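In structure tokens, the next block holds one chain alone, the form predicted on its own.
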């Protein structure tokens, strides 16, 4: 039996998904016995020219992590799609924009001004900005075009599977790798390595249906290790987030931030969480409700932390 051909690529992301793949530890040897890595620039010396030289459909499975922030990301996403039989949106950034997607709350000009003019560490008296093409004495220099919006992978190419997480857990990755190797993947379009139920259903903390009179941040209270974090006034996204992470954050007294994304059928995770909060806030008047909700710092950035480009909002207007 011939070995599978696997590829992995890092778009607009932090690189944590690559590290998560390496976190399968000694199982990487089992992976190499079952599959050949034919493109993984961060780990093995591959060039774009190597990828371009492959026949269409040469790669069995591509794990694409990262959002699409610039023209290089989009070009390689389309090239990998052309060369791959199966494309997996790997991690929050590829699926719904992730942390890079929060840039959609700002205009491109504002981002450039902060990065190249206004940041405390920047010295740019000439107010030079990057341009896609620059003619130099040595020749023409091309750099990727910075897009106005951060896009999800599925915005630019067809995707067969979605593996959520920021990053996906090593156990989740290995289980999906086994499914790939054994040919036991679910129907195309499925989320893999996770559950289609809320994180609250797998959380071992005690829930008493207590209503919330005040929201707090973790450093403002001594967190009860046994009681529901939301009932303690902490903004926990567990009610609207997919299970599958092993409750790593809530198990460490840290509220869920929503990196596994929404359940099936939920188009806008932020709106869903606003609805969830409305059902647990204990207010006797509209004024009190406004006061309680005002204690949630940066609600837009919190509720859409991993999914703004994939939401109904998509970006700030």
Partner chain sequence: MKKITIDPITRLEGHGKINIFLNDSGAVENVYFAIPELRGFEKFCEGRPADQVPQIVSRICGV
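Numbering follows the first chain given and starts at 1. Keep in mind that what you see is a predicted model, and the values were worked out from it rather than measured.
Beyond the structure shown, there is the form predicted in complex with the partner chain, which is absent from this document and is the topic of what follows.
Peer 1: Heavy atom within 4.5 Å of the partner chain in the predicted complex: which of 280, 53, 43, 29 fits that? Just give me the one.
Peer 2: Residue within 4.5 Å of the partner: 43.
Peer 1: I'd like to know if residue 146 sits close to the partner chain in the predicted complex, meaning any non-hydrogen atom pair within 4.5 angstroms.
Peer 2: Residue 146: yes, in contact with the partner chain in the predicted complex.
Peer 1: Taking the shortest heavy atom distance, is residue 253 within 4.5 Å of the partner chain in the predicted complex?
Peer 2: Heavy-atom contact with the partner chain at 4.5 Å: absent for residue 253.
Peer 1: Can you work out whether residue 293 and the partner chain are in contact in the predicted complex, taking contact to mean some heavy atom pair no more than 4.5 Å apart?
Peer 2: Residue 293 lies outside the contact set for the partner chain.
Peer 1: Using a 4.5 angstroms cut-off on non-hydrogen atoms, would residue 13 count as touching the partner chain in the predicted complex?
Peer 2: Because a heavy atom of residue 13 falls inside 4.5 Å of the partner chain in the predicted complex, the answer is yes.
Peer 1: I need the one stretch from 189-197, 210-218, 155-163, 175-183 whose residues put non-hydrogen atoms within 4.5 angstroms of the partner chain in the predicted complex.
Peer 2: Every other range fails; the passing one is 210-218.
Peer 1: Sequence order please: the residues of 46-62 with a heavy atom within 4.5 Å of the partner chain in the predicted complex.
Peer 2: Counting only heavy atoms within 4.5 Å of the partner chain in the predicted complex, the contacting residues of 46-62 are 46, 47, 48.
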